[in-house]
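Let's start with one chain on its own, the form predicted alone, as structure tokens.
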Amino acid sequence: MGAMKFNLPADFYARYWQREPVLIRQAIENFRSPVSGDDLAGLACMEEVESRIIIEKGCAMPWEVRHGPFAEETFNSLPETHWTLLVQAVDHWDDEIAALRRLFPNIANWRLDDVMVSYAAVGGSVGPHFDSYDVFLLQGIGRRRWRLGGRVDSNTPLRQHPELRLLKSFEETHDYLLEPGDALYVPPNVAHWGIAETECVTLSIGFRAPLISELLEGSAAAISSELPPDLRYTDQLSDLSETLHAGEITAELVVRLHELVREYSTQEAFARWFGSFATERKYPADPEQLTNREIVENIQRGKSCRTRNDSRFAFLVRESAIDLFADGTRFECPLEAAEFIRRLCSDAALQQSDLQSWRDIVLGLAAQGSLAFN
């Protein structure tokens, strides 16, 4: 695709981000999808790829959902219209799709979920629905009409369906027809319904937002697992006063217990957990794991090296060191490695000097399968 620029409105983040939808005509000028419907069908036949086909009409029930992997013959038996193939995380498999992740320098890497790509026959749709995350809907091939509604939430009535969260009613507020290169930004909890006017390919760039319950449960479990197994609460003299009622939990005790929890649930401990949580792989993977000797030989031969498309990287600068997180693993690095780590987390190809200067970091990353040599 060459160099790409996402032509966002100048006030996009201040006015629209997580606030209201916006249509961006020619968000990427002269854009054409790097993958076709046939490419998606090929991916959907792979065991390790998550895919679905949604058929609106002509089946035992409306909006029938079929899950991959699919046999090639499946695509010959589908109706001529009103069906959609959706393939998750195409950025893991295609370098040009992965490049779309670099179009949002204002948004932290850990927020990006994946780039889902869909092919739709004429009339194809997944129905009126809403997402709990931000999404850019980038048109790659053909034309798709997007109908937008108002804001909804978990209390909004849904149709009875075993898998899809389809809205029971849909009141249209906007209607947009997207052509290749156009993009529609949809904030969380805004109802939307896309219908293919021609055969089309649409790229959905989704941004994840963890539930607060996930942060609480995950961090508490991780932090508590590091505490001494015999660490317990102990009474203070004020807890043993004869003037207290035996059934009373005093306000003083609640404050002290809460402070005790906060004492061990430190910001530093939370940060260590969050870095690992934020960089966990979307899907379990078994990448090629090289021995130290093979890694060193690749470095010495000058092979190109970069982060894997399905890996996640982030870093945290501390007072005396930098924590690099890769695929859920934490690497404590010296501050002098800051420039190298920043480029690493920007999906830039590693330079030969990087591989020589930060050999131990590279060895650790490559050994766990977070780097790929070409």
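Note that residue numbering begins at 1 and tracks the sequence as displayed. Since the structure is predicted, the reported quantities are computational estimates derived from the model, not experimental observations.
We do not show the form predicted in complex with a small molecule, though everything after this point is about it.
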query: Contact label in the model of the complex: residue 290 to the small molecule, heavy atom within 4.5 Å; finding: no
query: Partner proximity in the model of the complex: residue 192 to the small molecule, non-hydrogen atom cutoff 4.5 Å; finding: yes
query: Residue 137, heavy atom within 4.5 angstroms of the small molecule in the model of the complex; finding: yes
query: 4.5 Å heavy atom contact, residue 129 and the small molecule in the model of the complex; finding: yes
query: The small molecule: the contacting residue among 204, 88, 276, 219 in the model of the complex [heavy atom, 4.5 Å]; finding: 204
query: The unique member of 270, 104, 75, 146 whose heavy atoms fall within 4.5 Å of the small molecule in the model of the complex; finding: 146
query: Contact segment among 211-219, 137-145, 177-185, 161-169, judged by heavy atoms lying within 4.5 Å of the small molecule in the model of the complex; finding: 137-145
